[in-house]
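Shown here is one chain on its own, the form predicted on its own, set out as structure tokens.
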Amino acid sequence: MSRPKILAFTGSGSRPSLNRQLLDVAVKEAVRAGAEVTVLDLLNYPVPIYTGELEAREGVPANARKLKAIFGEHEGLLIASPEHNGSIPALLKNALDWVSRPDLGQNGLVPYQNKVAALLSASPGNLGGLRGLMQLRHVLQSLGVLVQTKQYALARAHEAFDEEGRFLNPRQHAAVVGVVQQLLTLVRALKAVREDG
């Protein structure tokens, strides 16, 4: 069986950020476990705030089309997202909305079909961004994505990493490894079902 193709990105609009550090650890573990990982930076694909009026007037922006194509090329999503006021960052929500729009005769949900998503978050707070992950899970499920049960919210994330971006606490590292392992297991299982059916 071919290597699982994973698209990894963060909902953070900051460089650097705690969620980018968390994602870096997860990406290294995914590669170590045999995945083919593409790291996507949403800041490199700026799109206007979605409105129906804008879409009707100008259509789907070129960068949104690029994102749709990138999503379509992958089998799994590995997302590390901060929490903004208990919900999803505007950068991430806007990208997901544009990717979901129908375009060039294609149903807007096609880029999300047969996808598995693993969710991570990092926050200086005591909940680790957990409330934002609940909202993100709901949005992705509405788009038809299978969001795996295992996730990780890293609390007090500003104290979690050493100067080289490694976890100071091995239990936190193990939690991220567990999330990545479940993602790759589910991607491989769904792929096998599709190939057999």
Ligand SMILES: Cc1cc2nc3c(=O)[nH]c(=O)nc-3n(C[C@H](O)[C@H](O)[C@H](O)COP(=O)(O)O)c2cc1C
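None of the values given here were measured: they were computed from a predicted structure. When you see a residue number, it is the position in the sequence shown, counting from 1.
Below, we turn to the form predicted together with the ligand, even though it does not appear here.
Chemist: Using heavy atoms only and a 4.5 Å cut-off, decide whether all three of Gly72, Gly76 and Gln148 touch the ligand in the predicted complex.
Modeler: Verified in the predicted complex; spot residues all out of contact, no.
Chemist: Hey, in the predicted complex, does Ser14 get a heavy atom within 4.5 angstroms of the ligand?
Modeler: Judged by the heavy-atom cut-off of 4.5 Å, Ser14 is in contact with the ligand in the predicted complex.
Chemist: Is there a heavy atom of Leu18 lying 4.5 Å or less from a heavy atom of the ligand in the predicted complex?
Modeler: Leu18 belongs to the contact set for the ligand.
Chemist: Heavy atom to heavy atom, is Arg131 within 4.5 Å of the ligand in the predicted complex?
Modeler: Arg131 belongs to the contact set for the ligand.
Chemist: Would Asn94 show up as a contact with the ligand in the predicted complex if we use heavy atoms at 4.5 Å?
Modeler: Answer no; every heavy atom of Asn94 is more than 4.5 Å from the ligand in the predicted complex.
Chemist: Suppose contact means any heavy atom within 4.5 Å; which members of 75-91 contact the ligand in the predicted complex?
Modeler: Counting only heavy atoms within 4.5 Å of the ligand in the predicted complex, the contacting residues of 75-91 are Pro82, Glu83, His84, Asn85, Gly86.
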